[in-house]
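Given next, in structure tokens, is a single chain: the form predicted alone.
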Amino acid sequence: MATGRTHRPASRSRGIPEATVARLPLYLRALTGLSERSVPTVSSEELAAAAGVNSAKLRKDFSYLGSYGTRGVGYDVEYLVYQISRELGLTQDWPVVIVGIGNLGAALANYGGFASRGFRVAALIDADPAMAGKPVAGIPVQHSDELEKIVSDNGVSIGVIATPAGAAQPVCDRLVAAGVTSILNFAPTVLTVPDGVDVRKVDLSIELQILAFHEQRKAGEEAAAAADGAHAAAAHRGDSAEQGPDGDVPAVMPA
């Protein structure tokens, strides 16, 4: 039986701000890319650009890890990968269950990035009896009646909810009651959880709506700029009509 449930991320006891924790995966992704290209060291400016943050914020974030780099050399890539992985709890195996094996749940089960980042899909769970025993990504789907036993047998502390909105809260309640203390929610609803349970929400429709807002704003700015340009051109034409060929004297002299 796996025994990962009681391990908690070290960042809370070390006092690392949540905003910094949220950026650590960005740094790790950029560092992993550098490591795969056998880059030994990286400057704060280069790493910040790769992660999409400014270098001052990066240096401040790394100070919480006790990493300050070497002047003129930068940061050791492999050591930073280890440091951040350790801080995020990725140096151990985290068993994960995915509940709701529809199109999205199946896509998550087939995602190849879990294993390389410290996560193991321990079980797939669905309420549809017709799904029971059906393999998805090489893992047989189990019925939701077995949820509590599955969580207990696999020592699961992280649950992924990919159910329809109406089923999400009851599934969440069962996961929490079974001992799950972290939940990644893909269902389009807000979950209520007790203290001590962390929830991260991923809502693709909201992200698209935010992008639509920015697209609309950009279109409005472009239209306003075009209107300003048209007004300026019209004003220029009006001024030119009142000037002579040399631009200094009136085109029509007074009698």
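Numbers for residues come from their place in the sequence shown, where the first is 1. In this text the structure is predicted, and so the values were computed from the model without any measurement.
Missing here is the form predicted in complex with the DNA; even so, the following discussion is about that form.
Across the options 61-69, 32-40, 184-192, 213-221, residues that bring heavy atoms within 4.5 Å of the DNA in the predicted bound form belong to 61-69. Within this chain, K57 lines the site of the DNA in the predicted bound form, having a heavy atom no more than 4.5 Å away. The DNA in the predicted bound form is approached by G74, whose closest heavy atom lies within 4.5 angstroms of it. Within this chain, P25 is remote from the site of the DNA in the predicted bound form, having no heavy atom within 4.5 Å.
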